[in-house]
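Starting off, we have a lone chain in the form predicted on its own, written out as C-alpha cells.
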Amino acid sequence: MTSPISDPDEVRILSFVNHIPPVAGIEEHIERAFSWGVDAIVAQGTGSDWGPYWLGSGLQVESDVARNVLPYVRAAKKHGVPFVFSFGIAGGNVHLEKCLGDLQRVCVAEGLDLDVAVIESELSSEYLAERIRVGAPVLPASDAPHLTPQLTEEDAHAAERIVALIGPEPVQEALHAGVDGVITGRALDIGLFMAVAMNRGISRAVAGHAAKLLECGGLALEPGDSANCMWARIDAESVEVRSPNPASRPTVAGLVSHGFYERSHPYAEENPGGTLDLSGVVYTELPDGGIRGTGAQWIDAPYTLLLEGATRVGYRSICQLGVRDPALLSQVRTWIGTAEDQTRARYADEFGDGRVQLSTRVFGLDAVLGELEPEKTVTGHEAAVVVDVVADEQALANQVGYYAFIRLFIGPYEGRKTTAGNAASPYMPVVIPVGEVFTFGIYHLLPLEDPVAPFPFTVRHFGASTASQEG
C-alpha cells in the first residue's frame, strides 16, 4: 500500500519515542497511520531526564533502540519516506556510535539497506574554549549556583563530554541530501519534528506547536503512553493529531497538559532562535476523533544552543535501611542527625577538606522535597532510609558509608526495646558502590550565527556495505 500523496502545503508526521519498546501490534498501528498518509517518521531518543551520569560516564540506558525502531524503519523503507531519529540518550559520540553499531547489525540481519545522514552533536573542549576566547559570552541557562556566570575555558576542559542540543537547521540540511533517514546525537526534541515541517514551508510557530505535541509520541494521548505512536497533519495554520492505536485517543485536556511538558512557563518555551508561545492556541474536536490546534506564535530572539557538559565530582556509595519501629519513626530525624554528626566527627579532616559529602533521606517522610516538605509528621508505618555518600575516591565513599550505616544500625534511641533488629538491611553488600558522580558543570547557551556549520553530516550506509562519504 502506498501512502496517499499530501498537499504540497502540508506535511504528515508519524511520531514515537525510540528508546521505549513499542506496544504489541505496533505494525498494525503504523499501517493505519500510513492509510492516512505519512511523509516522514520522526522519533526522539536523547534527553537529560536522568541527569549528567550517562553523558559523563559514556554509558547509556540498556534499551535495544535498533529493535525498537525496526518496525518504523521497515515501514519508512517500504513506503519511501524518510525517518529522523536522535540516538543515545545523552547523545555524545560514544552513545551515538553504540546505537549505530546496533542498527548496522539489525539491518544486516533483516536484509535492509539504508543510506543515512549522521549528525554528531558532541563538541570538543578545544572548540568550545576557542569560542569562549573569541566569541560572545556563553551565559548559563539556569540560575543553579554551581554554574559559572560566564563559561570559562577551564569549564570546557573540566568537562568529560560536551553536547549541544542541535536545532532543526542541521537536520533540514541533511534531509536535502535525499537519504533514507537522518540520525543525530543529542538534539532538541522538537527540533527534529520542526525540521521536517519547516522544509515544507511551515512557519516556525506552527512547526514548533506540532513538534511540542508530537515529541513524546503517544504520551500526549489518552491514556498517555510513549510506547504508542501518534500521527499529525500540519499545514500553514494548524496541526491536526490522531491516534493510530484504537485503544487510545487525543483529547483537548491531554494535548494542553502535554504543552506544559518540560518547561517552567505555562505557555512559553525558549528555543534556539526564539520563543514558542502557545498562549493563544485553540483546540477543536473533529468529527473523526482527531483534534486540531491553531493560534501558536513565535517570538524571534538571538540564536543560541543549549550546551550540556558533564563534569565529574566524585564517587558515590549508598546504603539502605528499612525502619518499622513506631518509636524509631517518631524520632527518625534525631536518630539520623546523631549518626551524621558522629560520622562527620570521625572523618572531620575529610569533610573539612571538601573530600566527602554525606546526606541521608527518608523515603516515606521527606525524601522528595527535603527541607521544603510542609508535612512534618510521620504518616506511614514504615520508611526506607538511604545514606548517600559522595567522595573524591570510591574507597573513601565506601568507608564513610559503612561508618554512617553502622551508626544508624546500632544507634540508640529513646524507647528502644532491643539492641538489634530495629533497622533492617535489605541488600548485600550493605555499602553499595555506585561509581562515578557527575554534575552539569556546563549548562550554558552558546550564541551561534550559523546553526549548521558546527554540525555537518556524513552519509553512511547501513546493511551490506559500510562505505561512507562526506556531506
Partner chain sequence: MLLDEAARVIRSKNAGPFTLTLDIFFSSEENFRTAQASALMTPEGVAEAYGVPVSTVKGVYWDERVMAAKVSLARWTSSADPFCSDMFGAHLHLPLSQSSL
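Keep in mind that this is a model prediction, so the values were computed, not measured. Numbering follows the first chain given and starts at 1. Here, rigid core means the biggest group of C-alpha atoms that superpose within 1.5 Å across both forms.
Keep in mind the form predicted in complex with its partner chain is missing from the figure; the text below concerns it.
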Item to complete: Sort through C216, A339, L396, L358 and report the residue having a heavy atom within 4.5 Å of its partner chain in the predicted complex.
Response: L358
Item to complete: Consider the chain as shown here, without its partner, and state which of H265, H157, K376, H176 has a heavy atom within 4.5 Å of its partner chain in the predicted complex.
Response: H265
Fill in: Candidate stretches 81 to 89, 167 to 175, 94 to 102, 144 to 152 - the one whose heavy atoms come within 4.5 Å of its partner chain in the predicted complex
144 to 152
Discussion item. How about W298 - does it come within 4.5 Å of its partner chain in the predicted complex, if we only consider non-hydrogen atoms?
Written reply: no
Item to complete: Spell out, yes or no, whether the shortest heavy atom distance between Q320 and its partner chain in the predicted complex is within 4.5 Å.
Response: no
Discussion item. Residue-level contact is defined here as any heavy atom of the residue lying within 4.5 Å of its partner chain in the predicted complex; does E414 satisfy this criterion?
Written reply: no
Worksheet item: Is the gap between L369 and its partner chain in the predicted complex 4.5 Å or less for some heavy atom pair?
Response: yes
Worksheet item: Which residues within 431 to 447 place at least one heavy atom within 4.5 Å of its partner chain in the predicted complex?
Response: V437, F438, T439, F440, Y443
Practice prompt. Once the core is aligned, please say if the CA of G370 is shifted by at least 2 angstroms between the shown form and the other one.
Written response: yes
Discussion item. For a quick test of reading the superposition: does V163 move by 2 Å or more at the CA between the shown form and the other one, rigid core aligned?
Written reply: no
